[in-house]
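Okay, so here's just one chain, in structure tokens, the form predicted on its own.
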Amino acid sequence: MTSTETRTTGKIGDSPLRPDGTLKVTGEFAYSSDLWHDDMCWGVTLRSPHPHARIHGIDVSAALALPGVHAVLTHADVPGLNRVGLEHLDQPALAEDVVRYQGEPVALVAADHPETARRAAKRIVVDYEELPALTDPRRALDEGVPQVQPGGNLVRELTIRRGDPAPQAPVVVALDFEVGMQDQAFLGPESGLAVPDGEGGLDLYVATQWLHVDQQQVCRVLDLPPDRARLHLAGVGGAFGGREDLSIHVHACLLALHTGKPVKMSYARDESFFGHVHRHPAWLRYEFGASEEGRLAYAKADILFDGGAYASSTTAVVGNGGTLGLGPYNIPSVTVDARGVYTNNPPCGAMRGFGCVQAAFAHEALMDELADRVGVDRVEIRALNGMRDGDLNITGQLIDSAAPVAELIRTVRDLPLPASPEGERDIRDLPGGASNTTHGEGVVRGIGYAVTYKNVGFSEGFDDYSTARVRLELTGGEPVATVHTAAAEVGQGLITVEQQICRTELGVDRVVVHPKNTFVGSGGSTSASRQTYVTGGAVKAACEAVRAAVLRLASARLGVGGLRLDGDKIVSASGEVLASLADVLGAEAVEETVEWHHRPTEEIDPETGQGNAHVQYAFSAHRAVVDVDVELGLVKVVALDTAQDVGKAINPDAVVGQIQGGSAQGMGLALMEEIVVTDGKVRNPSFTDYLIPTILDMPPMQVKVLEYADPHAPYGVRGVGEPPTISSGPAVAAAIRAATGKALRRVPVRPEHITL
């Protein structure tokens, strides 16, 4: 990725044009799949066709004999530790004696043409002995089932106990809920280019979310120090959590070092479904006890996540699903048991909403049931029980900034509703659309609500930080700021935010965003809705350090103290303009690097689950309006309105864009998105059979942005990207229940769930 510069003005609170926006909509932006190098080879991965099998041998001779093939590699060719993993080093870079899921990488091929590489991969002969596969996570902890990992099938178990250990209430409601496996479905498949330097090291250009953790894993497998394996962010075509784990990284590097040639790898769409983790399927059992007026007295939850064959970030997903799994409600007594288990299903890990999405479907469905049972309006029961500033959440952590649950849910309720249909309707506005399945007969309208919350940043004692380097100097007689972070721009607009902060803090118009790479300290992961908070905090702190250095320089040159920077002017304490920023800088360049940490979190108590687990919370609410053809089971989402507290909208247009995109993914899970896995095998690895919402599926959205500043965060910001994914889906599901009168305890909701 080249340096990004813009002269477009825009400080904090403005909505400047994105410097990459025009390139993307005109098709001129260079994504990782566009990478090219003279004399490069193409890399291909051979993957297991079995969910569980023992490998007795691998014969690569026929593949090596094919003209144009430069290398065929197996685990025996790994020079370092053949293990990768975000939280547990439990996954081989290339399978050794056992494969644990369909699609596990077994061998690599490098050839001078991609078709040659694919043909060679088909010539590799692997002697498999199929083994019994564990594919039902509900049996993972039973006696006598296959053990997926040597240490057993339990990844993590979390327990939360608070309040009365044996609570009772006059009104009790309960349900079981199931959430299917969702894919991140980013449009740019995994791809990258590894370029050897001729001295035993290399440069890897790759689409990713976390350059430095990728680098650590690559170095471990290659047995190289960090300065010999340099990573650069290539153009990213979406991520949503699916690029936190490695994909082509190690494989391309192994082939490049072995051949001495640049190696490009780029997955086709079907391989992409096997090349990254997915959202955890979940099975949830919930019980609420309440007063006859509907005030919650206690809540119980048992949550099971299917982690698949390798841990990835299952440990943290269990942490989120457990500690946040009862929603943004004030509950005196709590019993939560959350588990993540290994199976021989595809590995699951990070996806937008990270454990909270699955739980929200259950707790919001149960809130509706409670409201109906006690005869309270579904909006008002949420307002009655909603958290407020000063409450304690279920881990006993003080909510020490705004928690406007009641305001959010009432705000969406009070937004104008779409007009009730009258007369003959355009079939494109009906369920089934242009397929002409109905002209309005059998169509029933329903309205549903949901309110949820999500932690921002990493939790449970993780030392979450980011690094920023800011340089200020004259270029062509004009002050120019250059900001360098390793924080990945994956489409969310971080580069614009970095520029806005520099303009605000340094009073310059021209801001260059340095290419993202590992030549500066870690920016952390572009996940957990954390980058504007954490990397924004680092850029702000680095700019403040640069500004202080500039003022010291000005004081020395002008012989005056008490100076401040006002725009691009040096101003005295009395407000007199003494010099321009350009005059003070002259031939000097001022550069500062800052590693910025947010306030610490802590590990929760292993027995009670109590503790200050999270650094910040973000709240959102949705109202969905749907038309349902109750005879055919088809659904048309008519409106999907939302309100969200963002603390401070750094870039208001980008905030709304994030809310719209997150809402689309939540709606997709409620209605259509599911990786179908039967006996450990994926049945629909394509966008023909894995459906995602298109522009024709998305309804109009009314978006209300609240700005209650978090006093502990830079500029008062709150993370934005994940909350809309959490509350949108449950609102859609609630609206379908309202239209059909059916319980609908599984998502995605399929036509047969409505009609049968």
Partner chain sequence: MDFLAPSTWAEALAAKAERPDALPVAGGTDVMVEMNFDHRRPGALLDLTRVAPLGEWAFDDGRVRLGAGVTYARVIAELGSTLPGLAMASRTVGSPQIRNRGTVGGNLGAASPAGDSHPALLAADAVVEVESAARGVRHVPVADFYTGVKRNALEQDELISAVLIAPPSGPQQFCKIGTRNAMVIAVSAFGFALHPDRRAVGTGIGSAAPTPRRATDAAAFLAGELEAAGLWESRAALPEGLAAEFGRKVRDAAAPIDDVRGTAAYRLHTLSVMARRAATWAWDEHRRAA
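These figures come from a predicted structure and were not determined experimentally. Residue numbers count along the first chain shown, from 1.
Keep in mind that the form predicted together with the partner chain is not shown, yet the notes after this line are about it.
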*Among I331, A545 and H597, does every residue place a heavy atom within 4.5 Å of the partner chain in the predicted complex?*
no
*asked:* Looking at P132, G442, G586, P225 here, can you tell me which has any non-hydrogen atom within 4.5 angstroms of the partner chain in the predicted complex?
replied: G442
*Of D368, D629, E505, D245, which one comes within 4.5 Å of the partner chain in the predicted complex, counting heavy atoms only?*
D629
*Only one of 156-164, 668-676, 196-204, 463-471 gets a heavy atom within 4.5 Å of the partner chain in the predicted complex; which is it?*
668-676
*Distance check, A709 to the partner chain in the predicted complex, heavy atom within 4.5 Å*: no
*Heavy atom to heavy atom, is D59 within 4.5 Å of the partner chain in the predicted complex?*
no
*Is F687 close enough to the partner chain in the predicted complex to count, meaning some heavy atom within 4.5 Å?*
yes
*Considering only heavy atoms, tell me if A434 and the partner chain come within 4.5 Å of each other in the predicted complex.*
yes
*Enumerate the residues of 269-283 that have a non-hydrogen atom within 4.5 Å of the partner chain in the predicted complex, in sequence order, or give none.*
D270
